[in-house]
Each structure stands twice: as C-alpha cells, then as structure tokens.
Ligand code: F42
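Here we start with a single chain on its own, the form predicted alone, put down as structure tokens.
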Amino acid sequence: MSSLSFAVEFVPQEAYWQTTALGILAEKFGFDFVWITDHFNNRSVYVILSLLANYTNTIKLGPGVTNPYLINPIQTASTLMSLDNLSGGRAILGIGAGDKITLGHLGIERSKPLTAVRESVQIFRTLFDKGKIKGFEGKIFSVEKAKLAFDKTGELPIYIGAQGPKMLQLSGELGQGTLINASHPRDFKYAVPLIKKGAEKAGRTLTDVDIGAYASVSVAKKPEKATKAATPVVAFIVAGSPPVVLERHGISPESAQKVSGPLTKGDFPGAFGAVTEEMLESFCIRGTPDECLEKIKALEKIGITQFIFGSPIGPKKRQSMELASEGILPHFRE
C-alpha cells in the first residue's frame, strides 16, 4: 500500500460558504489535508479555517502558506494553537518567506528570509511544545517573554514552503514537512536531495519529512477542458518563475517574456495565448484522471509523500475533486 497522502488547496476568493462547502466535500471525497492560501487581498485564511474546523471532523487544516513578516510569529502561533483547540488537534502550519513583490507593495522589506523562517520555526516549536517562551534573541525576532493562557492540544506539525536550495535544506533540518510549488519530476529530482541533506545535518532521515508536491493540477473528463482551465494559472507561474527554474525546463527568456509582458499590461488574452505546450507540461499536471494518475505515480517514485491538488484543480472544483476521488486516490489505497 502506498504511503502517499492527498491534500487540496483552496484560494478563499469566493463567498465563505463556497470555500467551506468545498472543504466539507474534500473530507467526504477522502482527502487528508486542506491547505488555504494566505494572501491579504483574499478572504481571511483563519476565518475560513475556523469555519472548516466547525464543519469537518477528520481532515487536517492549515494555512498554506503564511509568512513571518505580515504577522509576528507569536501571534501566528497563538492563532494556530487556537485552531488546533477548535478542531480537536487537526491544525497544521505552513510557513514560508512570502512573496517579495507583494510584501514590497505594502512597504515591508523581506529581510533575511532564511533567517526569518528559521527563527519563526524556533519560536513556533517552543510555544507549541511548552506553551511559553522566554529570552529568545534572534537576528530578526526577539521575545522577552510570552505565555499562552490556554492549554495546548499536542504536537502541531510545521511545514516549510521551499523552492531555493537553502530553504529546501532548512525544511529538511527543521520541518515536519516541506511544501514545494512544483509539478514536474525535474523539480523534485532537484529538491529531494537537498531536503535529505538538511535532514541529515540535523541527525534525521528523509523519512522524518513529509515531502509535499504543491502542484498546479487540472483534472477533467476531457483533456482540452483541463488544459483550458490550467492555462491562466500556468501563465502566472511562468511570469513569476526565476530564471533558474525556467532554464531547468528549457523555457527561453524570450518565450517567458511573451507571457509576462502582456500580463504586466493587463492583456490577459495575449498572455494566455502565449502559453506553450512546453510550459503546460513543465508547470501543471493536467488531463483525465488516468493521465494525472501516471504523473503522480512518477512523483511518488522520486520521494513525494503528500500530493496537493493546487489551483486550478480543474474546470469545476467540485467535479474535479470527485474525479480525483474516484479515479486517482483509490489507486494509492488498495
């Protein structure tokens, strides 16, 4: 039997009841985790997670991912432990460095991201384990003393969102899990050895880390509908990918510019029309359930232990989750 677990990601843009309904369905369809994206321009991640905690029973819930710059790690720890109380011990925490451009729009400097994430995890772990912290002095954060006025429910897993080599190693060193925004075997063949290196540095093994493929996925009965739903998401991925990632997939700067240029001008048809088959294959798992199944199996062979159905999920989220529930998940649970 496979040890692969399954998650689904929701972007809380719709009405609260819609995202809550999707979370209820995710549990019904057999998913193990729900990750809710954390962006200030969407509805509050923690309001959504609180609603899901009330309307679900077994599925694990968490922000995927938050960052240490917008909210102090002490407050994030308190919020997650409150969610853990509310959900009966089902909370999980995804933490990453945050998006540099988005933070810049808010006048926030993303200073020393590796150090900020490391110190945040140290603060989280101390509070989660002891319920209090005293005398922490870091390069980014310092805590004279802090003590929670409510009881903790137990160990709360911390997943580190990582893409670059140093953050991948840090996730292996400190995280219970790693969340990697990628969909192609090339990216995971690059990432897994770095996670292993970090784990070994801390006297751990790779089996101590839940390695999550936070993939862009589009599942549909008809491949062309899956591709149509995936194209806008892939356009934004291409535009936001650093040169080293584009180079890894053989995508030229000129091709990427044909997508990112129109996007910056708000020319969405132009940007989406410039998305190539090569880009779709590099940055999305798409197609029928059988087509997606084979690609997920390939990632599992590389070392993935959690697969996240990320945006867009498919042309219609409910139907796509049901297709995955019937045509993908059972193959890993027989």
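Numbers follow the displayed sequence, beginning with 1. It should be emphasised that the depicted structure is a prediction, and the values quoted were computed from it without experimental measurement.
Not on display, but discussed next: the form predicted together with coenzyme F420.
Asker: Candidate spot Q306, P330 and H331, all three in 4.5 Å heavy atom range of coenzyme F420 in the model of the complex?
Answerer: Contact check failed for every one of Q306, P330 and H331.
Asker: Tell me which stretch of 255-263, 230-238, 155-163, 80-88 has a heavy atom within 4.5 angstroms of coenzyme F420 in the model of the complex.
Answerer: Within 4.5 Å of the partner lies stretch 155-163.
Asker: Using a 4.5 angstroms cut-off on non-hydrogen atoms, would K112 count as touching coenzyme F420 in the model of the complex?
Answerer: Residue-level check for K112: yes, a contact with coenzyme F420.
Asker: So, in the model of the complex, is H39 in contact with coenzyme F420 at a 4.5 angstroms heavy atom limit?
Answerer: Although coenzyme F420 is absent here, H39 would touch it in the model of the complex, with heavy atoms inside 4.5 Å.
Asker: Closest heavy atom of N181 to coenzyme F420 in the model of the complex, within 4.5 Å or not?
Answerer: Output for N181 is yes: heavy atoms within 4.5 Å of coenzyme F420.
Asker: Heavy atom to heavy atom, is P73 within 4.5 Å of coenzyme F420 in the model of the complex?
Answerer: P73: no, not in contact with coenzyme F420 in the model of the complex.
Asker: Counting non-hydrogen atoms within 4.5 angstroms of coenzyme F420 in the model of the complex, say which of D99, D208, D129, E200 makes the cut.
Answerer: Only one option qualifies, and that one is D99.
Asker: Considering non-hydrogen atoms and a 4.5 Å limit, which listed residue (I123, M167, A220, A191) is close to coenzyme F420 in the model of the complex?
Answerer: It is M167.
Asker: Can you name the residues of 195-231 that have a non-hydrogen atom within 4.5 angstroms of coenzyme F420 in the model of the complex?
Answerer: The one in contact is Y214.
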